[in-house]
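Just one chain is shown here, as structure tokens, and it is the form predicted alone.
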């Protein structure tokens, strides 16, 4: 007990330092997005001017739309492919083959983005595929699939196989078992994989930098290009809006996941047999 009391203050201090180091730069960026001046050296007054400049920048707005389309579409397709990929790995009977597929999936997670981006660039160049929307979309789908597999596969392993056996015993076919038993049980993991894929797509720079072409860009590449020319506080305004969007995604995911967990617990409660005392 004394050791726990000794560690508790240090743990709180550590968490406080981590919180400050993580969110202080973001807070600094957001505060100066409301700066009346044009630099981040001194706060001269409150103003919405940089937000107005951001919305008046048609190129930046078009790039924002491109980024959101890429993120949503790649996350949706990666979630579908990754879910069935996780199901395929789960159903493998031979442990050695299953471990090989898991290792191949994990290699993509830990590989540097520069290597992945360069590999896609070489591949698209060899096959003569034009760089642009399609190349960026395929690259984002590719690096998002392992994330979805990592989120969904544990849900399959936690599933009680007697549920599947009971469904078959009651006359259900394979599609009914998949759509009414397996996928609903894995839904929290599927949802987590979808939101994680969106986050990774919005955040990615290195892979996108290699596979984007002339006339098409995403926010990460555009912000990098503009930052090399000098600090523009309209980028601060855009970054602040993206941070708010990320918070909204977290909140939406929280409420959806909480709702799914609540419904599952209610169904489990209704399915339990109640023992009545005859006395």
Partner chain sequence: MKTRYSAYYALPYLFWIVLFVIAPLGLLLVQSFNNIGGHWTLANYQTYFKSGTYLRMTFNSLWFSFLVTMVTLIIAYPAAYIMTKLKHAQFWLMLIILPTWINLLLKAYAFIGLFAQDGSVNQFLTLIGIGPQQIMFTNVAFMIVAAYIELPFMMMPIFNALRELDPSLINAARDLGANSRQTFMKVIFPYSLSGVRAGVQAVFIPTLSLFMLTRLIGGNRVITLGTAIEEHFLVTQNWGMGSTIGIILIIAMFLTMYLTRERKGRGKQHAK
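Numbering follows the first chain given and starts at 1. Every value quoted in this text rests on a predicted model; they were computed, and no experiment measured them.
The form predicted together with its partner chain exists for this protein as well; it is not shown, and the discussion that follows is about that form.
The putative spot formed by 118, 224 and 247 is fully lined by its partner chain in the model of the complex; each residue has a non-hydrogen atom within 4.5 angstroms of it. In the model of the complex, none of the heavy atoms of residue 35 sits within 4.5 Å of a heavy atom of its partner chain.
Of the heavy atoms in residue 56, none are within 4.5 Å of its partner chain in the model of the complex. When its partner chain is considered in the model of the complex, residue 51 lies well away from it, no heavy atom lying within 4.5 Å. When its partner chain is considered in the model of the complex, residue 96 lies well away from it, no heavy atom lying within 4.5 Å. Using a 4.5 Å cut-off on any heavy atom, the residues of 98 to 130 that reach its partner chain in the model of the complex are, in sequence order, 101, 104, 105, 107, 108, 110, 111, 112, 113, 114, 115, 118, 119, 120, 121, 122, 123, 124, 125, 126.
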